[in-house]
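The form predicted on its own is given below as one chain in structure tokens.
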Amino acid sequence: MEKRRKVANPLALAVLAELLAEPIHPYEMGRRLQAHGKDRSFKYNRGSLYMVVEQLRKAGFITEQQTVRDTQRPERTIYALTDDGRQEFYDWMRELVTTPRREYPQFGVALSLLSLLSPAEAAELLERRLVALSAEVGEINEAVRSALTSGVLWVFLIEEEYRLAALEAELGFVTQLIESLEQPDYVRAWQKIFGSRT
């Protein structure tokens, strides 16, 4: 059974991970997440990052270590990980890695209602999706190649490899789905059931 977390936003896990390395301030956390491409895995903006940092502080997982100020920037609070925060990070990671979780992607919603579109329109829309998926696969392949060439260790790219595997599986699934939607038997059955309603 999934454990109820004091701070359940996945961005909190990224913050805890950044603080495992060293105490830093939220602005630097955000900069590092973007520099390492982790902003593709964690949905956030500057406001949400600061909100999660405050939630983690209130939960006792991080603590204010010091406030620094240089002449060109406003005051910045540097946060450090507490023992509870370290324990929370590893406990949460172990749960995420071992326990499959039911997710509700929007494409799944669209698929559950796909029969309400005409077979021709559904196929045409899915063809557009194939183009977008192929472009995304190309971008990720290029980013991974570039990172590996730069000497980035493969383990720091595994979320991109996972994303690639999922996209390639979706490409195959969508290609097969288009073929099924274009089968004359399905087109006739759809017209018989839904044709009069459109």
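Nothing here was measured: the structure is a model prediction, and the numbers come from that model. Residues carry their position along the shown sequence, with the first being 1.
One more form of this protein should be noted, the form predicted in complex with another copy of the chain, which is absent from this view; the next part is about it.
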Classify Asp84 as contacting or not contacting another copy of the chain in the model of the complex by the rule of any non-hydrogen atom within 4.5 angstroms, answering yes or no. no
Look up in the model of the complex whether Glu159 has a non-hydrogen atom within 4.5 angstroms of another copy of the chain, and give yes or no. yes
Indicate whether another copy of the chain has at least one heavy atom within 4.5 Å of a heavy atom of Asp39 in the model of the complex. yes
Applying a 4.5 Å heavy atom distance criterion, does Pro23 contact another copy of the chain in the model of the complex? no
Given that the partner is absent here, state which listed stretch (141-149, 56-64, 23-31, 127-135) has heavy atoms within 4.5 Å of another copy of the chain in the model of the complex. 127-135
Only counting heavy atoms and a 4.5 Å limit, does any residue of 98-114 reach another copy of the chain in the model of the complex, and if so which ones? Thr98, Thr99, Pro100, Arg101, Arg102, Glu103, Tyr104, Pro105, Gln106, Phe107, Gly108, Val109, Ala110, Leu111, Ser112, Leu113, Leu114
